[in-house]
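Just the one chain here, laid out as structure tokens, in the form predicted on its own.
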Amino acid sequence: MIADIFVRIGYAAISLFILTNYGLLLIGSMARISAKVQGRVGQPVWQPYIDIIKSIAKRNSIGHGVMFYLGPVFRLAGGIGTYMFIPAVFGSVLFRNFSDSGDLLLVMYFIFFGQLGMALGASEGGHPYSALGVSRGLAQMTAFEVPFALSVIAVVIQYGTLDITAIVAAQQGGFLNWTLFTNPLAVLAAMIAFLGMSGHNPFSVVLAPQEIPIGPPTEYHSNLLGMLQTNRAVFNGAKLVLYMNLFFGGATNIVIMVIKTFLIYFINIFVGQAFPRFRTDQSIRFFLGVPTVVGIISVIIAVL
């Protein structure tokens, strides 16, 4: 029994290592694609690795309290916890993680945990705009979680379970069994929420590019910034795998997983290059408008 537990932990560690590297390469690739769209050369695909190494190599000489240090820890724990209870590849022993020990509700709690932990850490920082950044982030998070939660409720009602593995199993047998085709409105609401969850344009109200410097790189540096950069890869990868499982039939091998998650993430880049950034109030009104109505209709469809 104890040996089996250590084997599961080892498999989960390997799975997390692969996801982290995939997430870093995905971030570098999308940045490169965005640069090409804008007519720039862009950074190399491996630039996220360089950034993390440079951050970890520096020493931290500034602190603002215990929560300032725990913020990145909570953020990374949220990303890892989210992924650990999601089956990355359906039917795989290596990539099943601990999906049989937690359900969709637990995964959603971990998503919130990382975001709220980061807000607590930033609120104890010394930057004068930290409170502004926290208020922006929490306000938008509350807004986009409404259509996302409605789409998840629709999926749970449709398949009659909170078990992510069971939801993936119900979508096997052909692409017409995917939630994308059985309840497209739930997928539409979830994908719009995913744009805000990922923080790309037009919903990049937290980092606010070309505006005031309020993002984590302003307050955090050295190994703390390195943890945030690592979590960015882990959290992005975990969310992509979650969306793939809930709405796009999951994956039966790692090649399909890479293709599906790449295409899901590419939607962010496509929309971000086509639309300018919303103001915070515009973003909140948007998420509580049409996407929320679409999510409500998707729940009604699932009930009927």
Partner chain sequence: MDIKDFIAPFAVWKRAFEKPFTVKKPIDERPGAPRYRGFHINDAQKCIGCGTCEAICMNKAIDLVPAAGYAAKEGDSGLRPRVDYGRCCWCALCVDVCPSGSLGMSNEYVWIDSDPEVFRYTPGVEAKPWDGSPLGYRRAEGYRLLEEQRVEMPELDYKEAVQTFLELVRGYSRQQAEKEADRCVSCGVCIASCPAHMDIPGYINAVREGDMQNGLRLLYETNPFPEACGRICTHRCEEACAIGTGGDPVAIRWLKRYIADQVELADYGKVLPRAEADSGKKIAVVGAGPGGLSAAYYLALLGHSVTVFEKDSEAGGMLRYGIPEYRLPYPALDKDIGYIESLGVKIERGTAVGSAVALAELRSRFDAVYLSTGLPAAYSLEVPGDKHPRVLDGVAVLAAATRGEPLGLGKRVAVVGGGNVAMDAARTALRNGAAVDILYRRRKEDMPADPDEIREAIAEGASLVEKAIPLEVRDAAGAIAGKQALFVWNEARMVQKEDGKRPVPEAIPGAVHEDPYDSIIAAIGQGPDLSFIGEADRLELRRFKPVVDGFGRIAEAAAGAAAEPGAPASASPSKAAAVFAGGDLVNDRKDAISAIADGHHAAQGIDRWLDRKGS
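Note that this is a predicted model, so its numbers are computed, not measured. Residue numbers count along the first chain shown, from 1.
Quick note: we don't show the form predicted in complex with the partner chain, though the next part is all about it.
J.: Would you classify residue 266 as touching the partner chain in the predicted complex, given a 4.5 Å non-hydrogen atom cut-off?
T.: Although the partner chain is absent here, residue 266 would touch it in the predicted complex, with heavy atoms inside 4.5 Å.
J.: In the predicted complex, does residue 274 have a heavy atom within 4.5 Å of the partner chain?
T.: Yes - in the predicted complex, heavy atoms of residue 274 and the partner chain come within 4.5 Å of each other.
J.: Does at least one non-hydrogen atom of residue 66 fall within 4.5 angstroms of the partner chain in the predicted complex?
T.: Answer no; every heavy atom of residue 66 is more than 4.5 Å from the partner chain in the predicted complex.
J.: Consider residue 262 of the chain shown here, and say whether it contacts the partner chain in the predicted complex, taking contact as heavy atoms within 4.5 Å.
T.: No, residue 262 stays farther than 4.5 Å from the partner chain in the predicted complex.
J.: For a quick check, can you give me the residues of 18-48 that have a heavy atom within 4.5 Å of the partner chain in the predicted complex?
T.: Residues within 4.5 Å: 33, 36, 37, 38, 39, 40, 41.
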